[in-house]
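Given as structure tokens, the chain that follows is alone and in the form predicted on its own.
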């Protein structure tokens, strides 16, 4: 997953793919967008192409299957449809380059991943898209690698702060087993648990509405938001005294759309924000260069960011 275009997401994808033990594991790959183009369609800058080794299973559209620059075995044309044709499942017979354009929705991607089980796949790798953070949800992916860099911010300190906040959200604490059991199957609305452990439907479809019905609640212990968690909602909750010691629970970090100021103001006290499903962040990769020519000090960036997030940080080009 990349925090911005040109942060090195595809470079990271290729780096991982070239080092997997294909003699020991069956690997399948796909993408939620279009990956492997030679030129970025927005910035008009050069992009790394996707290179597959022999033996890799892949999912791509009919259009891009026909333009592949490798020999492949056509295994299946699925019913999963995109604007570029149905998704084709293939297996590379020779090393070569390919454009990956997989399922266009998160649900479609899950269906494709489930479909790949019949090929006894050990590991599936998805090249994510900037606007599709939901792919990194633990409901879809077991783990993730985050790409960031100078294209996200041209100042090292700002870049570290912004990236560290995203990592903080990814690493949010898991809520209690009791809450996970209570809310796991709730997909609509905003719900509250009071000090007597009674469950209340607050009669709002989502956190986009701040007209919360708190009748009958003297003190809220837990507030579950099934959809997006926004600044407006959190600020409204913070100003209501019945929420002075409230734990807000969301499905996972991809549902959080808060600024650092709003988040820090809310949790500064006896309140907290937790998740039903916790993500696993393996590592962070950085691209110290941006399309407009800015080049950051790679070593300083890696060291400063690693210190801030307590995780390995890699500049794969430098390595």
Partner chain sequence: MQLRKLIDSPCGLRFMIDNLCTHSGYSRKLLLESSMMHDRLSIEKSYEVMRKFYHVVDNEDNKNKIQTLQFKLCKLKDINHTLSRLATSVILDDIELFEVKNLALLSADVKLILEELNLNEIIVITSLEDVVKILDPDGLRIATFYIYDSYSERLASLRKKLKSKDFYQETIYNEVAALEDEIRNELSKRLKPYSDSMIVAMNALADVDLNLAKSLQMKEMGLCFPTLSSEDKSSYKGIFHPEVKNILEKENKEYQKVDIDFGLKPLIIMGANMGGKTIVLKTLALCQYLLQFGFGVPADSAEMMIYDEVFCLTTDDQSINKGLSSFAAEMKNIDAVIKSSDCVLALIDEPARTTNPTEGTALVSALVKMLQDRAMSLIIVTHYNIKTYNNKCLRVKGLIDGKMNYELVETHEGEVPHEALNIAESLGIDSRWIELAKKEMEEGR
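Since the model is a prediction, treat every value here as computed from it, not as a measurement. Residue numbers count along the first chain shown, from 1.
Another form, the form predicted in complex with the partner chain, is not on view; read the next lines as being about it.
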Full three-residue contact with the partner chain in the predicted complex, heavy atom 4.5 Å, for 189, 192 and 202: no
Closest heavy atom of residue 231 to the partner chain in the predicted complex, within 4.5 Å or not? no
Against the partner chain in the predicted complex, would residue 57 count as a contact residue? Criterion: heavy atoms within 4.5 Å. no
At the 4.5 Å heavy atom threshold, is residue 76 in contact with the partner chain in the predicted complex? yes
Would you classify residue 257 as touching the partner chain in the predicted complex, given a 4.5 Å non-hydrogen atom cut-off? no
Residue within 4.5 Å of the partner chain in the predicted complex by heavy atom, from 238, 97, 180, 162, is 97
Of the options 71, 244, 158, 213, which one has a non-hydrogen atom that comes within 4.5 Å of the partner chain in the predicted complex? 71
Specify the contacting stretch among 145 to 153, 164 to 172, 194 to 202, 76 to 84, defined as having any heavy atom within 4.5 Å of the partner chain in the predicted complex. 76 to 84
